[in-house]
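Taking the form predicted alone, here's one chain by itself in structure tokens.
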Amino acid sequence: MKASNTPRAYGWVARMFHWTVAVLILAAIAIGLYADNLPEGGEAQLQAIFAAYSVHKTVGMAALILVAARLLWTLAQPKPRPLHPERRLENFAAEVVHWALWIGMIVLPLSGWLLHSAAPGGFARILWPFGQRLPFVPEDLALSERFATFHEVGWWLLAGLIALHVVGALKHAIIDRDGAMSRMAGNPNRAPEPPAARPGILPHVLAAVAALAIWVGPAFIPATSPVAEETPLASAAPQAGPASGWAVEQGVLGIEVTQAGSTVAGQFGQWQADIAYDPASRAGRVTVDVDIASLTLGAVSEAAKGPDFLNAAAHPAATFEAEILPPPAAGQPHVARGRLTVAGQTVDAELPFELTIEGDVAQAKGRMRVDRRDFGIGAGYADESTVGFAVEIGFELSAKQQ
């Protein structure tokens, strides 16, 4: 068998690329579906999800590398001539499917890598010694969810194209009985000699444009994963009186956890803060109520809100009630000292924060670290191999004096 293609059949190099890539693509789809349907629960279940997605990503990257090599080889090779040049509509449809398969085999693994790169903190590492993230791709939750939507819809589209490709091959084998399968799957010496006629360049161009149009659609499908709103719900300060009440106009309440050694960032989409602060005494008080169900935390959002962790069903709200203390010295931050209640457990907590006031507008930002074990969160995860003990809580807001 020749390495190069001939007008009659594909060479062994093209055959090797075709079947190896086919196995990898089908394996990636199957493993992805398997990972999506794994049950969420304790540490063993979470580790199984991590492992399955790592294998899925690694197989996808292997497919991408082989597809790139196959494309370079294909561009340098002649393509076997059509067996039935007179069947113009059938040949055009086959050409569209082939072009669409080529595009899908490139953009789907690439979109998975983009999703992996944009996901805050990363989730399930690619099992290779190279870098995990593509350069110039920012860690952005909304961006990662856009890639996730395209990736999920795209895999189903690619599966449909593969099905059409298989149906076409079966038609040649069962209905036409024209020996077309021998060009790629059988003995190339048995492949029939095609007619000398070749279609012009225009059908190829039109087929490529049609295939590209097929893949443009998923790019415009809205992200299906909930994205945390950057503007929280705000309410008036509970205490009336001059120079005391501040209403939050915009802000972000974020959270960072360590998962399998990587930092994963998320935020709460619904929260409200009642703030009473006197600029003269530089003191006051604050009450923050947080809707636990509004948390988005990358690919583990639902697990984080489940019974093993925050248990949003049983404890739908978290609360921070604190006194705002003046800075101990010039240039030092304020401190909000009080009680933090999460998952039904209350602990003492201190939140250092920076505060600047210009006229009737205040800008504040701060962070504090808590230990999930103090709240009984993740009790089944006794060490930090899967989920770290420390949890970072941070905020940034702008408030206007009432």
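Predicted model, so just to flag it, every value in this text is computed and none were measured. Residues carry their position along the shown sequence, with the first being 1.
The next section is about a form of this same protein that is not shown, the form predicted in complex with protoporphyrin IX containing FE (HEM).
> Name the residue from L108, V290, V286, L141 that puts a heavy atom within 4.5 Å of protoporphyrin IX containing FE (HEM) in the predicted bound form.
Looking at the other structure, the residue within range turns out to be L108.
> Out of V264, V96, A180, A118, which one falls within 4.5 Å of protoporphyrin IX containing FE (HEM) in the predicted bound form, going by heavy atoms?
The residue from V264, V96, A180, A118 that makes the contact is A180.
> Is protoporphyrin IX containing FE (HEM) in the predicted bound form near all of Y277, Q345 and R372, within 4.5 Å of a heavy atom of each?
Not a single residue of the candidate spot has a heavy atom within 4.5 Å of protoporphyrin IX containing FE (HEM) in the predicted bound form.
> Is E152 close enough to protoporphyrin IX containing FE (HEM) in the predicted bound form to count, meaning some heavy atom within 4.5 Å?
E152 belongs to the contact set for protoporphyrin IX containing FE (HEM).
> Should L72 be classed as touching protoporphyrin IX containing FE (HEM) in the predicted bound form when contacts are defined as heavy atoms within 4.5 Å?
No, no contact at 4.5 Å.
> Look up in the predicted bound form whether I25 has a non-hydrogen atom within 4.5 angstroms of protoporphyrin IX containing FE (HEM), and give yes or no.
So I25 counts as contacting protoporphyrin IX containing FE (HEM).
> Using 4.5 Å between non-hydrogen atoms, is F92 touching protoporphyrin IX containing FE (HEM) in the predicted bound form?
Looking in the predicted bound form, residue contacts with protoporphyrin IX containing FE (HEM) do not include F92, since no heavy atom lies within 4.5 Å.
> Which single stretch, out of 166 to 174, 319 to 327, 305 to 313, 248 to 256, brings residue heavy atoms within 4.5 Å of protoporphyrin IX containing FE (HEM) in the predicted bound form?
Checking each option against the 4.5 Å cut-off leaves 166 to 174.
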